[in-house]
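Below you will find one chain, with nothing else, as structure tokens; this is the form predicted on its own, and questions on how it binds or moves follow later.
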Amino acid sequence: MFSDYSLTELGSIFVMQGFAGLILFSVFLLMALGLAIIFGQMGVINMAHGEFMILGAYVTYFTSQFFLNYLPSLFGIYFFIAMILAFIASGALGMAVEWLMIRHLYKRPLDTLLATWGLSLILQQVYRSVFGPREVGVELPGWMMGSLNLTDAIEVQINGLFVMGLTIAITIAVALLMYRSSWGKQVRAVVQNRTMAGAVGINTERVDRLTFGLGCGIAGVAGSAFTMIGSTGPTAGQLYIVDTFLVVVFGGAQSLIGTIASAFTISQAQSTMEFFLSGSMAKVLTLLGVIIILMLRPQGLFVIKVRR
């Protein structure tokens, strides 16, 4: 297989494959960050996480159409506005869902799984009825098109670099929010001891609602990024929900560092094996490897130690 290539060509191929793995890592991490907040911090199994992501993707699509038809001179900056709108729309829907349904199901994880699975089916049908069953794609600004030539044989996509930069920025923002802000301290206090947090004056219901909204809002931003690498349809979110849960559980449910390490490990393993095997076989082997590791270390790669 490799005898037909020179060492330089093989090196270029592996670099390109590694860059493809970094793009996949960015997508996995963007999706997993919101779920890590909801599942890791709140203990809620949100099976509708993919639908919040697709809502952000639809918001991005309609924002692009609005700028294309009514503000073509500003089309180059529409994506930044679309990300803000996607965060607001998905976050607002998440807060409404928390108030109407999730707040009644805390400490009952299996019930949240069933309830949010039903919600995902409802949202899929709503998207199908409102936006239509056909998949749609956004038109990217001119500055996102094309690629950069690192060498004569190595090219990297500009939109891939943008997704990677966006992922780094959001990850840093989430880390600062959760570990360097007073609100983040309140969230961690509620997670560790809800009764005591309420006793010292923390509004636990407000913290829960904002935390769930934040996780769903980040999923909406992930949906915006998703439009650059794939088409948007009513059921597109289900394509990534298993990978997203896999990243969160494998890394350690309450560990941001674990989520990052898990997303990187799974994406690079899957991308590398796709070079030698088919895409489906690479995914199966990656899943099998993660399952074996979780059998040996069920708490995940990283564990948050809490003083009792």
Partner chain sequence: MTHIGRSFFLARKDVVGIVVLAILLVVVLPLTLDSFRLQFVGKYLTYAFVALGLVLCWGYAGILSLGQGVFFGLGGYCMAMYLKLEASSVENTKIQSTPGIPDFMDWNQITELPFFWKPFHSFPLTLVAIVAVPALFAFIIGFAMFKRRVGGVYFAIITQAIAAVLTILIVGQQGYTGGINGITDLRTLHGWDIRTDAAKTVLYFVCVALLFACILLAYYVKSSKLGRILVAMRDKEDRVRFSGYDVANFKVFVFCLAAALSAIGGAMFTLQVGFMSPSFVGIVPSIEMVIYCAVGGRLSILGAVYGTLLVNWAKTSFSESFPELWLLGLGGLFIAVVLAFPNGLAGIWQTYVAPRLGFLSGTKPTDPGAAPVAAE
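Fair warning: this is a prediction, and the values are worked out from it, not measured in the lab. Positions refer to the first chain, counted from 1.
From this point on, the text means the form predicted together with its partner chain, which you will not see here.
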{"property": "4.5 Å heavy atom contact, residue 47 and its partner chain in the model of the complex", "result": "yes"}
{"property": "Contact flag, residue 257 vs its partner chain in the model of the complex, heavy atom cut 4.5 Å", "result": "no"}
{"property": "Its partner chain contact at residue 115 in the model of the complex, heavy atom, 4.5 Å", "result": "yes"}
{"property": "In the model of the complex, residue 246 touching its partner chain (heavy atom, 4.5 Å)", "result": "yes"}
{"property": "Heavy atom within 4.5 Å of its partner chain in the model of the complex - the one residue of 71, 175, 101, 168 that qualifies", "result": "101"}
{"property": "Stretch in contact in the model of the complex with its partner chain, which is absent here, among 205 to 213, 191 to 199, 178 to 186, 103 to 111 (heavy atoms within 4.5 Å)", "result": "103 to 111"}
{"property": "Partner contacts for 74 to 96, taking its partner chain in the model of the complex and a 4.5 Å heavy atom cut-off", "result": "none"}
